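Here's a solo chain for you in structure tokens, the form predicted alone.
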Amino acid sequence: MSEFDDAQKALKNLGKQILDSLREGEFPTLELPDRTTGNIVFDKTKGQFVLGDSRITRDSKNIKHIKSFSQLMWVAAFAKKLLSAQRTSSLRDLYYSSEGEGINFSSQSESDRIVADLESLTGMAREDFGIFPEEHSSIYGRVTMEYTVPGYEGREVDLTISPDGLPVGPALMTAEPLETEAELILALESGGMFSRLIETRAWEKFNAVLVQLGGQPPRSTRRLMKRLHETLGLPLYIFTDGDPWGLHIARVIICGSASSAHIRGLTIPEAHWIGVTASDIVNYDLSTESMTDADMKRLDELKRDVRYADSKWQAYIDDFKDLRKKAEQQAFSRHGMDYVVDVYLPDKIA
């Protein structure tokens, strides 16, 4: 059974549960996993955040629950419309659609939270219902994918077709990887570095599929990387800025985030962070900026984060705290435009 079929079945079961209660003359109630901080735990075996056993109830006869209960029903109905019409929607589009139908969300943050409620209730990701964040990631490399979206079923696309890379949208995220000549995935924090590695044909040199993360990547990009990693057997290397924010981009790809603790299938525990580390800043004599108070505070937060409990990650943090300097990926350009391709990446990927 496909993810599309699973999503339709999940919504049908939810609707049946509501109707059965009404037919029996009862107020419908829903029980879903508790996503509050107290019920989010780090599973050391899985190496990611998961939800504990606590659950919450949405009771339609409770005046305090009526609004969120109704909002959840509307989001489920919206998802059903998307699946029935074989369409997709962004989270932003969902929010504005709610306004058009008189649904009272105070902000997109509230509608995003209700979408997460639907995920928790059904155990499925919003992408399975055709609901995606705005695109800001791209991909480029020698991989052939086959589209599955309506109107394009069976069409194949070579991910080197555009010199700008292809945006990671709903069609590409749900496409099936068919074959590749690549040997690894190289995920890059910035668009500038992504373009540089295409222009210099570094993707050929390293036989790599390049992924532009665009900062902290959306879940659709993380799912696509995981699919390529698992389906094609490609190892994943993550190249970010040398600061606490770049460090955390890598750790979220590897271990996941607390906000996605209710979703399975996003983490890539085997992925490698290749820098920029604090020692890289010193060893490659990079241009730097001083850490700000916000950077130092963030390092302290990461130091206490259970995802960084391993001695290797603690050492990365300590090195940055001692150095009190940070460097962007582009800092290698002080040694020449292609230095990162000719020297740094071969050192790190070898």
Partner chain sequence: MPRNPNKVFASISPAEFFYRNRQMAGFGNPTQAVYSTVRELIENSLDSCEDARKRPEITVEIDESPSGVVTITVSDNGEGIPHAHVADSFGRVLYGSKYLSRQRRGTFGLGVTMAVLYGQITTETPVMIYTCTENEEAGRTYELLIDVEKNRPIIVSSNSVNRNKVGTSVRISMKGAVARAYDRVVDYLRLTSISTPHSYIELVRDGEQEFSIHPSCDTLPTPPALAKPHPHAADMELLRRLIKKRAQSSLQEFLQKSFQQVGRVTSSKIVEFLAMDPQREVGDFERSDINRLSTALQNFNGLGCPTIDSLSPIGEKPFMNAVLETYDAVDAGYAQKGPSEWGGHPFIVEGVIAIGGRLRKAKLPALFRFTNRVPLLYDASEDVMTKTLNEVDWSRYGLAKSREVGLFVHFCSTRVPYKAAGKQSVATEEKIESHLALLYKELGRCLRRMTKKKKKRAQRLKEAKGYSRQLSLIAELGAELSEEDEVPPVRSLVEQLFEVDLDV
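Note that the structure is predicted; figures quoted are calculated from it, not measured. Numbering follows the first chain given and starts at 1.
Another form, the form predicted in complex with its partner chain, is not on view; read the next lines as being about it.
Put simply, His272 is far from its partner chain in the model of the complex: not one heavy atom of it is within 4.5 Å.
In the model of the complex, its partner chain sits beyond 4.5 Å of every heavy atom of Asn283. The closest non-hydrogen atom of Ala76 lies within 4.5 Å of its partner chain in the model of the complex. Taking the partner from elsewhere, Gly336 is found to have every heavy atom lying beyond 4.5 Å of its partner chain in the model of the complex. Contact annotation: its partner chain lies within 4.5 Å of heavy atoms from the stretch 76 to 84 in the model of the complex, the single such stretch among 76 to 84, 231 to 239, 148 to 156, 275 to 283. The single contact residue among Ser70, Thr57, Thr292, Ser54, judged by any heavy atom lying within 4.5 Å of its partner chain in the model of the complex, is Ser70. Residues of 255 to 282 placing a heavy atom within 4.5 Å of its partner chain in the model of the complex: none.
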